[in-house]
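One chain comes next, on its own, written out as structure tokens in the form predicted alone.
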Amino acid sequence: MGELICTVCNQTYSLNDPRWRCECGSILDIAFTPIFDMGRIAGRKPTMWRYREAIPVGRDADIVSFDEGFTPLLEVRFRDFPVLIKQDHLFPSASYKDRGASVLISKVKELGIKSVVEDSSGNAGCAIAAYCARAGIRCEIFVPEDTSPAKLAQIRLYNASLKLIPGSREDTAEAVLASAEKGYYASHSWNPFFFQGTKTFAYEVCEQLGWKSPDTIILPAGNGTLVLGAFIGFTELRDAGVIDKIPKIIVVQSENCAPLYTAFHIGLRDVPPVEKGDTLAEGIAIADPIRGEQILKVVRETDGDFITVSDDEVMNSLRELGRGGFCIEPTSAATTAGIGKYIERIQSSEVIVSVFTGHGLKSTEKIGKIMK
């Protein structure tokens, strides 16, 4: 079935060991060989759980799901260039984080865990709270006190215990660790089961393209949950002989909080924390990403790059997409602004896939101010 493996000391643990980090304090990954049975996949309903044999949850009875996934892959034109956009803002809690939450909380249920803690700038907290509500599992969500009011209301609606933490996003991450020492940390950055959900983004993209890989994917990164998940998914498909290549990965960050971009462009292996400025793209404003070294490695291995965008570029992209009928949150508009900058520099035709990560109704206060 697989095992947990430490990224530093290589210690291994059973997938049924209820731990979220190694005894040495380092992050864990999952060593697991997925199975892709095309006949079974094609015969199942269009959800992310159609790839059942590729997801390391043991019992079907423990799957926690709203039939999420298989979001539309829609052509949207940027500077008259066609880009295929996964509509992951249409998930049940209105962001792609539902991919990770469904798998992680399914594993939590399988392990018999009754309560979890999580920290978030908003979307991951909403997703974990929603799936815990579905599973009947108690959860406590730590968020910065300046989190979008709409996201706070959503978390409260799911009956989660909400902890507002003064200070930065990093202060929130530090605050949750004390609770995580006494309980189970359903973290979208520390917990490796979350990435076993976000990897389904890659599965769906390839199936929707006729089991082919795109040339390029353009994704946002704060903690890198979608970047790392997508890389896992494309790698598994390639290793299984389903596709013949892993796409180039282009990562978008806010220029006001761009530790990954900075480390990449000065050739660092590790990611030193940076001073974070205010940004509309709150969902990717992570000054010290836990898996930063892994994200850099993934981008380098795929011959990818990092792009930064300004808040003015985010606002312009948000308005432009709105005029096209799309209601996305500002963090999602950071990605679309990055798409525009990437297209300016390409020399040939590419099949490019990107994503709307979160719905605009999560950030109505910010959008209202932008549209005045």
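Since this is a predicted model, take the numbers as computed values, not measurements. Note that residue numbering follows the sequence shown and begins at 1.
In what follows, reference is made to the form predicted together with a small molecule, a form of this protein that is not presented.
J.: 139-147, 98-106, 214-222, 74-82: which one contacts the small molecule in the predicted complex at 4.5 Å, heavy atom to heavy atom?
T.: Looking at the partner contacts, the answer comes out as 214-222.
J.: Name the single residue among Q294, T302, Q154, S121 that comes within 4.5 Å of the small molecule in the predicted complex, judging by heavy atoms.
T.: It is S121.
J.: Given that the small molecule is left out here, which of I284, A130, V116, A230 has a heavy atom within 4.5 Å of it in the predicted complex?
T.: Checking each option against the small molecule in the predicted complex, the one that comes within 4.5 Å is I284.
J.: Considering non-hydrogen atoms and a 4.5 Å limit, does the small molecule approach T331 in the predicted complex?
T.: Yes - in the predicted complex, heavy atoms of T331 and the small molecule come within 4.5 Å of each other.
J.: Would you please decide whether S354 lies within 4.5 angstroms of the small molecule in the predicted complex, comparing each non-hydrogen atom pair?
T.: No.
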